[in-house]
Every structure is written in C-alpha cells, then in structure tokens.
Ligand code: AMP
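First, one chain by itself in structure tokens, the form predicted on its own.
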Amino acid sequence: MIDLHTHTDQSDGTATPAALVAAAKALPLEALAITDHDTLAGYDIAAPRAAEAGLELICGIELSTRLEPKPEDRIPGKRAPSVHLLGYFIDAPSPGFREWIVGSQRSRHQRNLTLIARLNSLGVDITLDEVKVIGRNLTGRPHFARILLQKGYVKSNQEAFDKYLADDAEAGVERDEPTLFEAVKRVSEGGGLPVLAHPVRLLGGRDRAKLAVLLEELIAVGLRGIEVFHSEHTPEDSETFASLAHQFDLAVTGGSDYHGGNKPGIELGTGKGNLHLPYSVLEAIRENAAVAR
C-alpha cells in the first residue's frame, strides 16, 4: 500500500516529518509522498529519516493556484476559484523553481499580515506570533482557525473559515496566487510531474464534460496526471476520473490528503477507509514521468 498525498507540520499538517515517516513505516506503507503546500521543507527534513527506516519517499509539493475563467465566464466582483496542483519527482528542482516557491511563500506572509489586521478590526484578539507558534515555517489559514478555536471565538475549524477566514468571510483576504496554467508550466520546467489534485472540487464537482475541456487545455501546457483516488472521491468519482485519465493518457495518482489533527477522520494510507493504493500505481506513474522526460 502507498500514499501519495500527505502533509507535515512544515505546511498545514500536524505531524512532524519524522513522525509521518514513522507512522508510514508502522502501517506499513511501501512508499510515501510528502506534498506540503508551497514548500519542499517537509520532504527535505524527512528524506534522511526515510532512508534510515528503509521507506521509499517521493518528493512532492502541492501548489495553491487560481483557475482564471474565460472572459465570457467572468462574474464581476467574484474571484477565480482556488485549485491545487500536485508536483512529483522534484527532489532536484531547478534553482528557478525553488526561487518561484519562495515568491509564493512571501505572498502567503503578506496575506497573513492583512488577515491579522482585519481580525483585530473585528475585535478578535489575535497576533501573528501566536499563529506562528502553530504554523511555524509556513503559517496558513488552518493555523489561524486553531487559534480562533482555542480562544473561543468559534466552536469548530469549519466555523472559523465560514465566519472569518474564507475569501468571502468577514476577515477574508484574497491571496495573490499563480494561475493553474502557470503552475503546470513551472512544475514541468522544474523537472517534476504536474498532477491535477482532487478534481472533485473543480467545476461544480462532477461535470465530466467541463473537466475534459479543462484537461485538454492543461495538457497543452504540460499536465501529466490526475488524482483519481482521494479521500473525498466516491467510487463513482474515481471511475469517472480514471476514465478521463485513460482518455487523455494521463498518469493515475492517489492519496489520503492526510493532515493529522487538522483533518480529523482522514487516516494515513486509507483516508476515510476508502483508499488502498497498490505499489503498481507508483510504478505506472514513474513510467509516465520517464516518457514525459
């Protein structure tokens, strides 16, 4: 069994890289990919631990992007939806790719400063230093949610997003993110395999025809895979996405999207009990990546 979509405390997960490696080895998983948001720090820390433990570790990343609508589909005053892109096999990325990631981290920091100011203006007593104690190197909105919960401003993480943190919430701050198309190009040019993450969240969730059109456009700029198996996907979803992968000759990937305590109910390796990915999935992805190169 393998898991190709996980997060550590170097982004918005709660497990340290070492703890995640230990948990994967204990299951046991045959291979693990760390796909922290907008950083390779979790993988960098985990790599020597995985080598010591005899666990195959895949270098990955999950990039936050925006899907810009076509001019005719734009709605005045409404921001383009957020889309996540996975990148695999980027253990030796080009210097340009690492520099680009740093730019994304700066954008995240600026959003955090503005978010703190807006929360304070609403009477919420919170500081960025408090949030950084939890978020550490890559503080994001899930860490804000935990502080809001701890201080009693909300009763759940979901309420924190609904009331304060979502783009359209009271204190919401839109982050300057790259477009999905730019991110696909960057991962590809950086030596990685670009994969569309959890497609069930896209285009209303389950519009196969619209997703097919988007995939064609993304393939033209370098997309090489689609996440078919995910904790949020029903068997019918996975069947649809597998069909699209076959139609467009895309690599089939999958993973739990494990975040530890930040996403209760999603377990490493098995997600919500709906995942059991064999090692052959990773072998097929590697073949696809080799052909792309």
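Just so it is clear, the structure is predicted and the values come from calculations on it, not from any experiment. Start at 1 with the first residue shown and count on from there.
The form predicted in complex with this ligand is left out here; the points below concern that form.
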Let me test this: is every residue among Q158, F161 and R175 within 4.5 Å of this ligand in the predicted bound form, going by heavy atom positions?
yes
Of R118, R111, R136, R206, which one comes within 4.5 Å of this ligand in the predicted bound form, counting heavy atoms only?
R111
This ligand isn't shown here, but in the predicted bound form which of A166, L128, L202, L214 has a heavy atom within 4.5 Å of it?
A166
Given the stretches 206 to 214, 139 to 147, 189 to 197, 219 to 227, which is the single one in contact with this ligand in the predicted bound form, using a heavy atom cutoff of 4.5 Å?
139 to 147
With a 4.5 Å heavy atom cut-off, would you call H233 a contact of this ligand in the predicted bound form?
no
Relative to this ligand in the predicted bound form, which residues of 18 to 56 have a heavy atom no more than 4.5 Å away?
H37
